[in-house]
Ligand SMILES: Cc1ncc(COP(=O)(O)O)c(C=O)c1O
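The chain below stands alone, shown as C-alpha cells; this is the form predicted alone.
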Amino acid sequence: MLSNKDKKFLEKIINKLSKLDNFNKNTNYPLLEKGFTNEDIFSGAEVLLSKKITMSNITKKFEKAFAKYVGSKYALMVNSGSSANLLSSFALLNPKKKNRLKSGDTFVIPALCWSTSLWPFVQAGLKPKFLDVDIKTFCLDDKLIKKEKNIKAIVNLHILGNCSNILEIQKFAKKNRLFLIEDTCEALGSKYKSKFLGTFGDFGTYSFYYSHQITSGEGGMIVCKSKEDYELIHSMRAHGWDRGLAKNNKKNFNFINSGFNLRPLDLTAAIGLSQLKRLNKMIKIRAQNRKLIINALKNSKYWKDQFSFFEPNNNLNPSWFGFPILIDNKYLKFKQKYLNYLNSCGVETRPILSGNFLNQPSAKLYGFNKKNEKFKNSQDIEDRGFFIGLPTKEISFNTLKFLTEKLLKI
C-alpha cells in the first residue's frame, strides 16, 4: 500500500505531467473530462510497483465487488465489453451449454446498435434478425419482439443508459425458451423497478471503456446466474483451461473446452474497482447535469424547440451515458454544417451508436438487408441524432452558458 508520503510524491508527478498533457487542450466540452482521479492512479500505481500486473487477486476482488453491486451471483472480468459479448455469444452454442443453440439459429437485435454488439453472435454462427427501436427510448420495441417466430435468442441493448420494457422481454423469453443477452455496456447502474439492468437475462455484459459510467481505460464484465454458466465462461475466457476451477485436478494444464484469451489485467481491475466505489456519486451528478442542460436550453430566449431529448423508460432509474439530442426536421439540412461548427468550437460530438447499422458497409457486405426493409425509428435517430458528453463533475455556470449558446446556434 502506498503511504501518504508516497501519494504526495506521486501527486507532484501527476500535476507536472498534467501541465504537459494535451488531452482536450482544444476541446472546451469533451465527451468526457479526464476520467481518472488521483486515487484511481494510485490504485493502478500500486499494481505496477508490485510488478504483478497480470490477472490475479485484484481482478477477483473487483469481480466480487461488481457482482455484489449489481446483485448478480457471478461476475467475470474480461479485457473489454466487446469481449464480454464475444464470450456470451460463443457460450450459447457451446456443447457444455444446456439446450444450446445451433449454427444458423436466429437472434433478434435492434437496428440501432453497436458493431460488437452484433458481430460476436454472427461470428459464433447465428443469424441476425433486425428490429426497429422505440423512438422514445431508442431501445428495442418489445411489441415487435412478441410478433417474432422461429427465433432462439434476443440481444437487447440498453442504449445510453436507457432500456426497453425489459420485464416484458424477459417474460417473453422465458415463455418461449429463448436466451436473453443484455448488452449493458452503456447502462451500468441503471435500475428497472429496483433491479439493475444486466441481471434480467442469461448473460449481462458491461464495458469499462473510456467515457462509460466507470472506466479502466479498457475492460469489461459479464454476469450470470448459474454456476454452470459461470464455469463455462470462466474456462472459455482463458484458453478453455480449468485453472481456477478444478480444486482436485492434479494436471496443471488441463483444457476442458474451447476458448480464447480474453483475460484482463490486475492493473485495469484495480482502476475499475477504485471507480466502482464512487459510481453512485457519478450517476447522481450526471443526472443533475442532464437536468441543468435541458432546463438551460428550454429557458433560453433563443429556444424554439430546435431539439428533442429521449426520456427514460417509466420504470427506470437511469444511469446516463452521454447526452443524446434529436434535431428538429426543419433544421435537418444544416446538420453536418452545424456539427462541424460545434466541433470547431470545442464541443465534441459523435453519432448515436453506429446509427441504423443496416446502412453500414459491413452490413451490406454480409447481405443483412436483402429485402431492403425500412427501420423508420432507427433511421430517424441516425438522421436527426447526435450526442455530446455528460460530465461526472458538476457543470459550472460558465460551461453551461457556453454550451447552451453554442448548441442554440443551429
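All figures in this text were calculated on a predicted structure; none of them were measured in a lab. Residue indices: 1-based, along the sequence shown.
Keep in mind that the form predicted together with the ligand is missing from the display, and what follows is about it.
Contact with the ligand in the predicted complex, defined as a heavy atom within 4.5 Å, is made by all three of Asn85, Cys185 and Ser207. For the candidate set Phe130, Trp114, Trp241, Tyr338, a heavy atom within 4.5 Å of the ligand in the predicted complex is found for exactly one residue, namely Trp114. For the residues Asn94, Gln170, Ser80, Ser308, the 4.5 Å heavy atom test against the ligand in the predicted complex is passed only by Ser80. Contact with the ligand, judged by heavy atoms within 4.5 Å in the predicted complex, is confined among 170-178, 139-147, 300-308, 209-217 to 209-217. When the ligand is considered in the predicted complex, Leu157 lines it closely, a heavy atom lying within 4.5 Å.
Contact annotation for Leu353: at least one heavy atom lies within 4.5 Å of the ligand in the predicted complex.
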